[in-house]
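Each of the two blocks below gives one form of the same protein chain as structure tokens; they are labelled structure 1 and structure 2.
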Structure 1
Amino acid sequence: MSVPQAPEAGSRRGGLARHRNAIAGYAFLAPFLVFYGVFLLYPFALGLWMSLHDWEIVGDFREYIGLLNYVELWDDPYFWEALKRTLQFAAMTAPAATLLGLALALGLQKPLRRYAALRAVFFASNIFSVTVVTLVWSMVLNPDRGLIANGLRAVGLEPIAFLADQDWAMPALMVSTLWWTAGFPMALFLAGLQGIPPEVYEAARLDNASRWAVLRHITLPALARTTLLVVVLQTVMHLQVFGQPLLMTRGGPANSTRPLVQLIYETSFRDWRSGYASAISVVLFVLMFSVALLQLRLSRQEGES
């Protein structure tokens, strides 16, 4: 970026040109930087500051308490439960979405018209809002009149109250989430597959390589970079899970599905303990930041090898 530029016309008056560039540059940037400063940098710093306070928005109460919020977090079973559920959700859903996306992309990669329609079907659920998805799936999973219950009854089985059952609630949320989001990794893998030069496949075909061998020795290695990207994007995304449990299970039954974001939301906007909620936000930020750093390191390593 800092490669010396060819002198522009009129650079004899270099100082003046520099001056004019500075004014122009910051003039073009100013509108964005205003929003960036006010609505991103400032709240980020304010959040760190708030986490050191006993801070209630209602009544405008605030008192500096140092690290006491973090100390309290350490002993808070709700926090640990929520952290556990968040990690569980992300650790199951991200790999599942990656595998499902990969399988769909491999099946649908050939440029046939018929496949275009199928691709559109799998991707389409991605464009719904979380409230539409949860509404649809709450109904599908409903034990009295849901789609699945209807099906189970038709074959003579007892319907299951998925969302009210401690063992079923989490898997049910994961399945709904997969239905909602798997189209995105599919699209990323499809883009990755298009980047593989066809000559490589030609050579394999001349060698009479089996379908499995081609997949294992050519396609999958070529998708390594895409896979890393998908896994990281999915992990970061599912660590932020919020709407599905809030709307489908309200974090229940027995707190078995409450993730960190919902805990932040309830702590701040139901219990009005904004300082404490900020401390939880800081933990979530560190968690997501570490995943992103991990990606950076892995992709560097890959670049070197």
Structure 2
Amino acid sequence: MSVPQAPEAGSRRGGLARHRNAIAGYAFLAPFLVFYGVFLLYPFALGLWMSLHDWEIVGDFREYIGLLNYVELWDDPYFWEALKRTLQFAAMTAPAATLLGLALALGLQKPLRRYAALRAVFFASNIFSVTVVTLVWSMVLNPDRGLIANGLRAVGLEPIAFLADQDWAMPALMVSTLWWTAGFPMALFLAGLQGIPPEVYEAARLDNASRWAVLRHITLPALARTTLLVVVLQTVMHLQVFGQPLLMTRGGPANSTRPLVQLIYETSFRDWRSGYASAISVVLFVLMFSVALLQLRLSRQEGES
């Protein structure tokens, strides 16, 4: 009678082992899940909830108003102006940072010490804080004693007050941002270049392929996924631009450089309207989420093809 029970006992032991493995797996995941829930999911849910309220950051005043904050956004010219400036900034800087990072990676990929030193120099700017970057570029762009002003005087031209001119303020912010952020795309492209088999380049050399043909038919197609990743990361990052305009121009002159994140900051911490600021934040989140979904869809299409 004991022989038929052996498979059942083995099955119970296997079930207990799987149960213990599942508990161990959840135990390893628990720190991440707690961190994710406390610092990402809870603030996101709270932001959505606040956007449906007239919520003062100081005091206990809370009043549910439904979608009225979003209705007010639709008629707010400051919101549309800040949205336009943010999209312009991201549309100009993200492609420029991608091309600059690709050019630096292609020019500095050789395994020599001087190229390694140059790679370190170009990447070093990426680790500076926004305060250091804006301080350096405020000195460079200073119309009285700045590097560019002295260069213009040396060739007989009048210095330009870049940060005080409506036509020059935004390009000046873009140039300072590119100088700050070009190192990260360069590092991603260098990693992508390392994944291309050297035999492919050797075969192209045996076929007497020109440099342009190698770049067009081998390097760029092989870097397609990296390029897409860089474009998406740069777009999402530049949609959140905040420190450079706040510290270099205060959003001026005449609000010509005020982005969405600065509008959120001023609405919440200057005007104390956290509910309305949360509604603007939700719009910015939808923008960034749309870019991420586009990247996911394009990646799947490329994988299927």
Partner chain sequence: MTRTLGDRLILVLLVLAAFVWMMPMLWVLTLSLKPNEELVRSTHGIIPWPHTLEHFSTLLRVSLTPRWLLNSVVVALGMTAATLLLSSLAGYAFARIDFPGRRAVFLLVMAGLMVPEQAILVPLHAMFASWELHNTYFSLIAPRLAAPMGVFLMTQFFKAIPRELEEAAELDNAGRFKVFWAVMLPLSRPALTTLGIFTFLFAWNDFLWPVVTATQPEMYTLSVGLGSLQGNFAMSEGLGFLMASAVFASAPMLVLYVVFQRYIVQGIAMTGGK
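Numbers given to residues start at 1 and step along the sequence of structure 1. These figures come from a predicted structure and were not determined experimentally. The term rigid core refers to the maximal set of C-alpha atoms that superpose within 1.5 Å between the two forms.
Visitor: Is the form predicted on its own shown as structure 1 or as structure 2?
Guide: That would be structure 2, which is the form predicted on its own.
Visitor: To one decimal place, what C-alpha displacement in Å is found for residue 24 between structure 1 and structure 2 with the rigid core superposed?
Guide: C-alpha shift for residue 24: 4.4 Å.
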